[in-house]
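Coming up is one lone chain in structure tokens, specifically the form predicted alone.
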Amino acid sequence: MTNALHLSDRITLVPVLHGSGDFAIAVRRLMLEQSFDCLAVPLPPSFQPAVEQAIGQLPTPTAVLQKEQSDFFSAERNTPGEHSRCSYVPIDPCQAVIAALRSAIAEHLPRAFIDLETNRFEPPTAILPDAYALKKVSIEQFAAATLPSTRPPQSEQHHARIIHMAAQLRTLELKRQRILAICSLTDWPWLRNAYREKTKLVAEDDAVSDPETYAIDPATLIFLLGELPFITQLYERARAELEDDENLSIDGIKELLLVARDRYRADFKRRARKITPHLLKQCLKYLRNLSLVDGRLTPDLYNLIVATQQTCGDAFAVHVAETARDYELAKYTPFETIKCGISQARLPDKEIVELDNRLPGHPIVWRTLQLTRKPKKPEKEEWLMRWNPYSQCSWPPEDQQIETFRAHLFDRAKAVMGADLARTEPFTTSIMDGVDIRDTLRHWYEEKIYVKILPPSRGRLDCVVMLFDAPADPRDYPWRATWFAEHQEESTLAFFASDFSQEMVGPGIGLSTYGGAMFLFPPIHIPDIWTNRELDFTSTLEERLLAAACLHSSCPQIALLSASPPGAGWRRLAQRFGKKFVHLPLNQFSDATIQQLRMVHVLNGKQVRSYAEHFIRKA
């Protein structure tokens, strides 16, 4: 450590960025490396008993609130309808001041709260740098780099507090030999000046009320903590298990994504999109760029959700948002619970108060992002109870999407059918369909160039069978139906799928997943294949679809999309009807596309189409 942090022979003044896990680790490391006989923190003495008691409840985060006392002047300052105000100290493990106090209490080190007592606290505002730079530079280099942008105190109270803390440090060094003083990064240069110039006090302590400690509603913990609750939990777990916590501000984001991916898979099961390492790499790269655009080195929650939404879909982004606010280390405390918001809180008596943070970090602002939330269980039960069993229809955008894919399969199957007719011949006057390099090299001794000829495919197709899950378990796909086209651009459709009533996503909207489907285009009227006795000789869901395709198709060939080529049994089934399957491997198509196509939303009547878009989000 250089002399930049030495305020005198007895005082080491360390500037910190409040609400940063990186600074909390740096202060803790400093206290372990050096010996001190006193810790001074920038908080008023009235907070000391409550704050130290609340620190004993860690890792459960709490908040120590001090209500503003009402007097003639405060009543005059308040506008009608304005809520009463409180200043508070977040008992956050990732607060450098709290981490220092926690270590000092554990080491039985004397503590001094040196800030000025203020009835109404006026938090200073400043543009703060990203604390991740602390991984590459020392605290003094970090603080020195911020000096050009550090503004002098903007209010009389802020100026009086700095002078008061400087005076308290001068008094304290008369009693102690090695003092560690912690201050805000924005106060550091002005506190040094006030100490050295021995500026006279300009204000006295206000009469203040006794602080009270409250537990925090877990759902609103994200508004209290400086880091994300999930990241804070990782810091606490590493501290308890003596693991490395140096790079948790970045590695914690990666672990957050992995935990969210596991929860996403458990929630969506087979219809979950594959979140591959390559996709996560793209997500992290996008997240890095978003953070740089915002002038940050580490991502905030908003950029994290935007990146996951854009690369992995809405459903995964919702799981990331829910995982980010998880904090599983909270335990029961004897304190009453409050709900926090941005600069506001609802007290146990339902009173809403305005909050001023005594240890302010980066400002929190509302930013909007459109995500469809997951419906709650009572809502699903109510939607299911109101379902009309005599009215069903599909959602037109999904119909259009899968019909486009069906037409694409027809083209691919025709290309496969025409591949057998391809030939090569020596070049004469036209390169035809391109130079055939293989045959040209093979006949190199002839000194001729060979060209490819791909004649137009013969025949036509009117049926395609898509088997997304083979072999299919009938218990997973209890919904089997035959749907007829609403217009000439749609196919006659027969399918087996999961039960949509088990996954209600909106009022009159259910979600199902295809296991397999058969498309007949142009549409024709056929009997329901699931009750047709002509097909009773089949034993599996896939065989019934294939047999129905062979029975109702008027073409000798049928396109088959499946993971594996048709086996001997399926080929014999086709020969029984005089047909032949044209196989298209499932792995030739994007997994994300297949997962999107498998999801089908069932609407309880055509009137639901008018608002279905607000509830339907793809995985």
Partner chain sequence: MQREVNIDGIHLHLSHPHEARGEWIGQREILQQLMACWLVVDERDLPLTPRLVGPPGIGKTALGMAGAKLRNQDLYIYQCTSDTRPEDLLVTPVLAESGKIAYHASPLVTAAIQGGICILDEGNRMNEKSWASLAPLFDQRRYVESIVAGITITAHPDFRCCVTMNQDESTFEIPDYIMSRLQPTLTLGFPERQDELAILQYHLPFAAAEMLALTVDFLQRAHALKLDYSPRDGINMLRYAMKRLAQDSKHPLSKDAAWREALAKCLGDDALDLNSVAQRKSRSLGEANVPLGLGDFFFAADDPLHPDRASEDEDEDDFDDDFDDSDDDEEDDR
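Quick caveat: nothing in here was measured; it's all calculated off a predicted structure. Residue numbers count along the first chain shown, from 1. Take the two forms, superpose them, and find the largest set of C-alpha atoms that agree within 1.5 Å; that set is the rigid core.
Not on display, but discussed next: the form predicted in complex with its partner chain.
Quiz item: Of these, Ala472, Val306, Ala238, Ile250, which has a heavy atom no more than 4.5 Å from its partner chain in the model of the complex?
Solution: Exactly one residue meets the criterion: Val306.
Practice problem: Scan Phe500, Phe335, Tyr477, Phe405 and let me know which has any heavy atom within 4.5 Å of its partner chain in the model of the complex. | Solution: When its partner chain is considered in the model of the complex, the option within 4.5 Å is Phe405.
Quiz prompt | Segment assignment from 216-224, 517-525, 99-107, 261-269: heavy atom within 4.5 Å of its partner chain in the model of the complex | solution = Heavy atoms within 4.5 Å of its partner chain in the model of the complex occur in 216-224.
Quiz item: If you check in the model of the complex, is Gln168 within 4.5 Å of its partner chain, heavy atoms only?
Solution: Output for Gln168 is no: heavy atoms all beyond 4.5 Å of its partner chain.
Quiz item: Trp444: heavy atom within 4.5 Å of its partner chain in the model of the complex?
Solution: Because a heavy atom of Trp444 falls inside 4.5 Å of its partner chain in the model of the complex, the answer is yes.
Practice problem: Would you please decide whether Gly341 lies within 4.5 angstroms of its partner chain in the model of the complex, comparing each non-hydrogen atom pair? | Solution: Gly341 belongs to the contact set for its partner chain.
Quiz item: Is there any non-hydrogen atom of Glu322 lying within 4.5 Å of its partner chain in the model of the complex?
Solution: Contact check for Glu322: yes, within 4.5 Å of its partner chain in the model of the complex.
Practice problem: Can you tell me which bits of 285-309 touch its partner chain in the model of the complex, meaning any heavy atom within 4.5 Å? | Solution: Read in sequence order, the residues that approach its partner chain (within 4.5 Å, in the model of the complex) are Lys285, Tyr286, Arg288, Asn289, Leu290, Leu292, Val293, Asp294, Leu301, Tyr302, Ile305, Val306.
Quiz item: Hey, does Tyr514 budge by 2 Å or more at the Cα between this form and the one not shown once the core is superposed?
Solution: No, Tyr514 moves less than 2 Å.
Quiz item: Does the distance between the two CA positions of Arg192 reach 2 Å or more between this form and the one not shown, the core being superposed?
Solution: No.
Exercise. Take the rigid core as the frame of reference and indicate whether the C-alpha of His443 shifts by 2 Å or more between this form and the one not shown.
Key: Comparing the forms between this form and the one not shown, which are aligned on their rigid core, His443 does shift its C-alpha by 2 Å or more.
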